[in-house]
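In structure tokens, the next block holds one chain alone, the form predicted alone.
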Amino acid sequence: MKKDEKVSSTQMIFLLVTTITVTGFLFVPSITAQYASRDGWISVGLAATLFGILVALVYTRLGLYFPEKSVVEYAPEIIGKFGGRLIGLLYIFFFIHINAIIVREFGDFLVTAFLPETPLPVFNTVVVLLAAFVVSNGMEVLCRMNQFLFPLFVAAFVFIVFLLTEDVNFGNFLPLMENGIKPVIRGSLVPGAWRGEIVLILMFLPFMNQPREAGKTLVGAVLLIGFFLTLTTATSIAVFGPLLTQNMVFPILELARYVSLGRFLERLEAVVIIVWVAGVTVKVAAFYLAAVLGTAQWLNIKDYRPLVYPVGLIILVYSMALFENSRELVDFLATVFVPYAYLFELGIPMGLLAVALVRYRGGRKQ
């Protein structure tokens, strides 16, 4: 299983931030604005971040009982062979399903925004093949590739936001919390579910060279993710207003198109698409690797690489069958995705942790 591969805490933070923000940029501003309107930035920045920190603490406490094992491997030790293997199988399905959604987001974005005449399967196939190549080379290659891309990702985003400062209207944030706290909480549910995608650490903790730093790593990743998604949401509301933001499919793309500096720097969507494609490849590879590792561990196969392309084919076919169009995708993310994600991101890990706290009280199995 290549458990001799090790990555640093910094590399893991960069991987988690890229993985979650790269698709969150696209949908979180509009979905959050539908519920919280002008207070969407509060939902993303405060409420969702608190949820993310709670999830991080649960994963850290649970993972430290088994720092050299993934959730697929240690679940049977906590709740028994049958229940544990069932949970492992459910997590494998979860990683495959979420990855199929990510691949579909990738294809829908390119078809809708740039190349409407190109068949959707072309884009989905390309990104799955790229991710398969990365996964075949292991965790270290994935993290090193992302370590190179992450600064470019951040620089492009900050550059676009900086160029929009003259178009910001702070009046779009007022009156603050006009309708109370309920819309803010409702608006935090979707970005909270996105924040919970740090669930990948349940598979990746054995690859960290210092697993005792998992808590700091996860909390640091959650805070960075909160900063980037809050800045995206706030910028969209400040520039376009809450009503226009909630009716946009891809607000970040519209922000890039809105940039205008004199007559020589306009329509920076090309920058967005280049960096975004690279980031999505990393995200697809991360969930892909989690699914392949989990499958190999569940089947007790020592080398996961023979499973890379069969699992990739499942992801590709599934991504094509999930939704009829991008509107269905957005509706799924705004409704069904929230309870579904919370079950795997918090519900099951909290249940495992509760049993582990009883069975391993004092560090010994009871």
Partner chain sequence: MIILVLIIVFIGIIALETPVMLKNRQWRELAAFGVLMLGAMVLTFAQVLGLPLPNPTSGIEMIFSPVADMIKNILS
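Positions refer to the first chain, counted from 1. The structure presented is a predicted model; accordingly, all values stated were derived computationally and were not measured.
Absent from the display: the form predicted together with its partner chain. The rest refers to it.
Undergrad: Candidate spot 309, 317 and 339, all three in 4.5 Å heavy atom range of its partner chain in the model of the complex?
TA: Contact check passed for all of 309, 317 and 339.
Undergrad: Since the chain is shown here on its own, which stretch among 36-44, 56-64, 22-30, 297-305 would lie within 4.5 Å of its partner chain in the model of the complex, judged by heavy atoms?
TA: Residues of 297-305 come within 4.5 Å of the partner.
Undergrad: Considering non-hydrogen atoms and a 4.5 Å limit, which listed residue (79, 149, 185, 268) is close to its partner chain in the model of the complex?
TA: Looking at 79, 149, 185, 268 one by one, just 185 meets the 4.5 Å heavy-atom criterion.
Undergrad: Quick check on residue 93: any heavy atom within 4.5 Å of its partner chain in the model of the complex?
TA: Yes - in the model of the complex, heavy atoms of residue 93 and its partner chain come within 4.5 Å of each other.
Undergrad: Is there any non-hydrogen atom of residue 139 lying within 4.5 Å of its partner chain in the model of the complex?
TA: Result no; residue 139 lies far from its partner chain in the model of the complex.
Undergrad: Although its partner chain is absent from this view, report whether residue 335 comes within 4.5 Å of it in the model of the complex, heavy atoms only.
TA: Yes, residue 335 is a contact residue.
Undergrad: Check residue 202 for me: does it contact its partner chain in the model of the complex (non-hydrogen atoms, 4.5 angstroms)?
TA: No, residue 202 is distant from the partner.
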